[in-house]
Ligand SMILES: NC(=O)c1ccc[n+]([C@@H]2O[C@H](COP(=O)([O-])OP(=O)(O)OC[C@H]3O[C@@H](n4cnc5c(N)ncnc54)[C@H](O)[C@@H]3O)[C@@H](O)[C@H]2O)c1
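Only one chain is included here, represented as structure tokens and corresponding to the form predicted on its own.
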């Protein structure tokens, strides 16, 4: 998968979870990474790890900051060929306990932010008469969810719907839009999150791998990054409006393996 000569913006690219896996895969494929984050110094430190990367600060839930970032990127780097809408936040609360401010913030970042970044990206492409690719990071929670995740799952469901709609709106301009929906990712970030409900998060992750997936192997952020790069590349030229679940087959299982296996 070749991204040589391609400028790819990764929002939330300085994160140590999905962001790192996506940037590693883009770097491996020869693309130039435009790392976006709320903290410019952290983004610059991350950019230094890759062969060809630059850093830009912006809050993707703020329309003015998004416009200013795109103006600066266009001036400094030139045309963008792809955008990965990776930046996002979570919310693990029962629906009746969530505060309005928390819900607004979640949708501002996880849904509205994707729309605003995609909007500025497409306006740039249309002005330059250039094709391009958008990849949104969704979640298996858009397919099936769990306790305390109702608000988060609704936001990720909106991401899938927005992905389909953007693919339809932009297809006539040869601009594709797809989504990647990670399942349980083996990372320090996952350990921290799972520890909220499991006394032994490492055991929980191992049990999930063996009993709740088709594949008995951990999914990594780099696995998801490889799928992102595929969707950014010309190898996926006829794919748009799709959400690809990278979850070891967890969303395929009606019952867990232990419950249905023959003794």
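Here the structure is a predicted model, which is why all the values come from computation and not from measurement. Residue numbers count along the first chain shown, from 1.
Below, we refer to the form predicted together with the named molecule, which is not included among the displayed structures.
In the predicted bound form, segment of 102-110, 75-83, 121-129, 166-174 with a heavy atom within 4.5 Å of the named molecule: After filtering at 4.5 Å, what remains is 102-110.
Do residue 89 and the named molecule share at least one heavy atom pair within 4.5 Å in the predicted bound form? So residue 89 counts as contacting the named molecule.
Proximity of residue 215 to the named molecule in the predicted bound form, heavy atoms at 4.5 Å: No.
Considering only heavy atoms, tell me if residue 27 and the named molecule come within 4.5 Å of each other in the predicted bound form. Heavy-atom contact with the named molecule at 4.5 Å: absent for residue 27.
Using a 4.5 angstroms cut-off on non-hydrogen atoms, would residue 189 count as touching the named molecule in the predicted bound form? Judged by the heavy-atom cut-off of 4.5 Å, residue 189 is in contact with the named molecule in the predicted bound form.
In the predicted bound form: members of 181-219 within 4.5 Å of the named molecule, any heavy atom: Going through 181-219 in order - heavy atoms within 4.5 Å of the named molecule in the predicted bound form - the hits are 182, 183, 185, 189, 190.
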